[in-house]
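To begin, one chain is listed below as structure tokens, in the form predicted on its own.
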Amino acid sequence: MSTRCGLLLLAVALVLTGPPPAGGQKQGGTLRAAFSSDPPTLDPAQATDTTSSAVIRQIFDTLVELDETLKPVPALAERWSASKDQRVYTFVLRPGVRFHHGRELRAGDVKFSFERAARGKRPWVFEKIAGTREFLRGQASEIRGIRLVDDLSVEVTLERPFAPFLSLMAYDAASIVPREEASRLGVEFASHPVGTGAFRFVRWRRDDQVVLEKFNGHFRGAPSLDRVVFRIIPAEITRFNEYKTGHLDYTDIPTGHCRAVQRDPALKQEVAIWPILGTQAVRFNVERPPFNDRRIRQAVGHAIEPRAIVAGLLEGCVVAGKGILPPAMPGFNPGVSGPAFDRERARRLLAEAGFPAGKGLGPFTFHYNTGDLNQRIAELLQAQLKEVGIVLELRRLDWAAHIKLVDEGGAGFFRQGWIADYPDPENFLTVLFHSRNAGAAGNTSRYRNPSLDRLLDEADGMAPGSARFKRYQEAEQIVLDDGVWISLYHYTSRALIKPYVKGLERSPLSSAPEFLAPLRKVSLDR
């Protein structure tokens, strides 16, 4: 979310207000927030989106977490050590940590959780661990790189050094679950989660609300808040009105209202805008005609003008997209070259592909998920592509249905945003474009390029530094030249936050304050 190429804008996560003094922190109250749609799941092994993560991060803990400076710090592991070759990590768990149902945490829960999640939606989180690939291919009954030293110690051996490994251990897929509850509930664990987090699950009324309550037995002590309620309110303007009438404690700024709220005498002091590690884009399933033709993909890229979205719909409150990596990402390349807006070039490419002025091409179906902004962007893309002869049919689905369709390969041309799970280019480029991640694992374009794979594999195993970043920059340009991904803009968080909400972090890892922010740090001063 922050570049180290000159700016270092977000090498440190911003904090809305400092944490309240320990002696003066107000206790109790309910924090009220809203999502635009239901989280698809509350199972950390199955989550692939920030809405799910917003809830999961409060219910579960990981071995380590990222602090306000994005540095890995102790969480369930009170300490760890690494071998000289940076391949073997030994984690020592805190004694006395309890799950919400009462049992104490043991090292066996870590091994079970990792092996369970490795079979889930984000296997790449664990693939650096020795033996994971054999385990996933059914050639081994366990991941050999995870060894129980004793009841409170776990040794994790990597296939080779991996610079951001500790940050991987802070990702929500690496959350620790109780073996007996996850096994007993099976798929129902996704809607009845049990963790060690500062908040425990109370209820989930679909398309209405998710309710959490404080866990008095949390190893850090009970949080200040009594409850957290995430309401499901699809319409931006409805969330905005609920905030203004005092029924939400924070919310996103509606599309088209960014400048207005910054000028509003009553609201301007409650506005918070900050850059994050995310990019809004459109991408193609390159296995589905006509998107298996590079010229068609490039024609679409040249027909789209991202600045019309940025200046018009988003009022200059985000950054126009050019490359894949956001400007706040370490290793960002300011000289990256995306497809320039050039309608004549788009028309030539369509003609070269055998579809002059789009004749014979037929309409493209464009898939996107529910939300006012996504709807407006889709309509603008429809108008822009019409100028070169490409007809778009718009298909809007709720978030869970959209993700399912995209993951299964049912969408040829679709909206996808990506927010880094940890501040490293590997989490964008390797996850989203390496052939081993084709499909639900992240590479939803199903793009396969052996030269790119080799470049990414080399970068992933290198020591931190500029040489490693250079490899990722080369990889990014290959993807852009092949027209696989078209960036529209780089995300900022744009929020309204009541002044009595204290300790809510402005995390560069999140698209809104509640996403990935530790709500155990929040209190209500009212």
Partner chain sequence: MLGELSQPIARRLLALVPVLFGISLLVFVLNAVALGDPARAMLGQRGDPEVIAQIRQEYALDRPLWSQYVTWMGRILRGNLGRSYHQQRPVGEVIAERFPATLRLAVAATLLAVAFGLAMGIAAALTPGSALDHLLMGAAVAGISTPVFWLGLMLSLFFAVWLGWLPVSGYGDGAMANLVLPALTLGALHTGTIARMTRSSLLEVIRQDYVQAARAKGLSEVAVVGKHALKNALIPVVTVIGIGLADLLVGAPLTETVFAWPGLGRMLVAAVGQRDLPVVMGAVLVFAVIYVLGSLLVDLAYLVIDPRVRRE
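Here the rigid core means the biggest group of C-alpha atoms that line up within 1.5 Å when the two forms are laid on top of each other. Numbering follows the first chain given and starts at 1. All values derive from a computational prediction rather than experimental measurement.
Below, we refer to the form predicted in complex with the partner chain, which is not included among the displayed structures.
Among the residues Glu180, Glu379, Asp453, Asp398, the one placing a heavy atom within 4.5 Å of the partner chain in the predicted bound form is Asp398.
Out of the listed residues Arg103, Arg231, Arg295, Arg147, Arg231 is the one that sits within 4.5 Å of the partner chain in the predicted bound form by at least one heavy atom. In the predicted bound form, none of the heavy atoms of Val391 sits within 4.5 Å of a heavy atom of the partner chain. None of the heavy atoms of Arg307 is located within 4.5 Å of the partner chain in the predicted bound form. Interface residue remark: His302 is not counted as part of the site for the partner chain in the predicted bound form, having no heavy atom within 4.5 Å. Although the partner is absent from this view, Asp208 contacts the partner chain in the predicted bound form, with a non-hydrogen atom inside 4.5 angstroms. Comparing 93 to 101, 341 to 349, 411 to 419, 309 to 317 against the partner chain in the predicted bound form, the single stretch with non-hydrogen atoms within 4.5 angstroms of it is 411 to 419.
Looking at 174 to 203, the residues that come within 4.5 Å of the partner chain in the predicted bound form, counting any heavy atom, are Val187, Ser191, Arg203. Core-superposed comparison between the shown form and the other one: the CA of Phe60 stays below a 2 Å shift. Once the cores line up, the CA of Thr430 ends up 2 angstroms or more apart between the shown form and the other one.
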